[in-house]
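Just the one chain here, the form predicted on its own, laid out as structure tokens.
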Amino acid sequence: MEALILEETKKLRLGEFAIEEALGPRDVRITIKTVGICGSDIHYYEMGRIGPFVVEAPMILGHEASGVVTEVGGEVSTLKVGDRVCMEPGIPDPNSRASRLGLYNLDPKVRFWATPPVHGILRPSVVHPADFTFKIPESVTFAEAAMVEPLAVGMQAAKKARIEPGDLAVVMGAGPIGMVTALAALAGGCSHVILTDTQQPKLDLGASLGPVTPVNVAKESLVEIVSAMTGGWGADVVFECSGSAPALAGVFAPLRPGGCAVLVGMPGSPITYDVVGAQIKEARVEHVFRYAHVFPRALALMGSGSIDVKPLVTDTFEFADSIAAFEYAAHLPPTSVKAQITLP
């Protein structure tokens, strides 16, 4: 079938690729409609690796997707042909110790789309377990449904933060993950979010998402603004979503005593943070790696209108223009947040 293939670092090909997927009794076959371009896709395109995950052979890209069920396995009762769906891209080993502990996102043997050596879904169709395929509410479009995967990261971050109603949160980084984390924090009970970045157009968009105060850290002091808003106490939660070393170095400065810092962004190389700064506040530090069983909650919030991701989809490309889409996404202008590719 035709697919977008990463042949080697910085070399993409849109063309035929031999891939066969048999339909198992608990699987569904899905025609792909929309695929989002994730930062990890861009990392593989530009660097050929993310940490220990190295592209050593041609690999199909893409893992944020929505589509339509076209075939169901004999034991599938939750889905039918014609259902509009989105798919959780990681398939864990149900018998692994991590899965049995309820931590299936940490299963070392998880098979995650577009993570070497597993192929992604920038192609016409895919076979996927029904247990990791979710029906889309009628009010949710294919473009919105393809945003469930990044939203799930924000939901996981909000869950790890143990938000209490009325909390004030800081979200560092106004990229796609920062934006969905802000939405998840508000849906999770935060009364207000302070969103930081250095790109003003992204901050302006973030300010339209709800009770969000944008802070351009190239021009303003985050600590001073948080202090003014909290009477000198500090933010209840700080979500670091940029992966930036300078941001991580200062992650505890705006945090209140006993607050929680959630590290969401993935730095390109090992970094250090201010341990003493965390100790003197007895800060709780949490880390996020993907998500575990939050797709249904994300879809419920989107279906009810409690979370609106439509403003975040800023650029759309046809499948035939996939290579140009990746070149664009690798150098997103400040006015762009999420680029997506639509298939026929």
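Please read all numbers here as calculations on a predicted model, not as lab measurements. Don't overthink the numbering: it's just position in the shown sequence, from 1.
We do not show the form predicted together with another copy of the chain, though everything after this point is about it.
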Could you confirm whether N95 comes within 4.5 Å of another copy of the chain in the predicted bound form, counting heavy atoms only? yes
Using a 4.5 angstroms cut-off on non-hydrogen atoms, would A57 count as touching another copy of the chain in the predicted bound form? no
So in the predicted bound form, does any heavy atom of L101 sit within 4.5 Å of another copy of the chain? yes
With the partner left out here, check for me: in the predicted bound form, does some heavy atom of S139 sit within 4.5 Å of another copy of the chain? no
Suppose contact means a heavy atom within 4.5 Å; in the predicted bound form, does that hold for all of D131, H293 and A300 with another copy of the chain? yes
Just to confirm, with a 4.5 Å cut-off on non-hydrogen atoms, which of L222, V76, V85, L263 contacts another copy of the chain in the predicted bound form? L263
The one option of V226, A187, V215, A253 with any heavy atom within 4.5 Å of another copy of the chain in the predicted bound form is A187
Taking 4.5 angstroms as the heavy atom distance cut-off, pick the stretch from 199-207, 169-177, 156-164, 139-147 that is near another copy of the chain in the predicted bound form. 156-164
Need the contact residues for 37-75: heavy atom within 4.5 Å of another copy of the chain in the predicted bound form, sequence order, or none if there are none. none
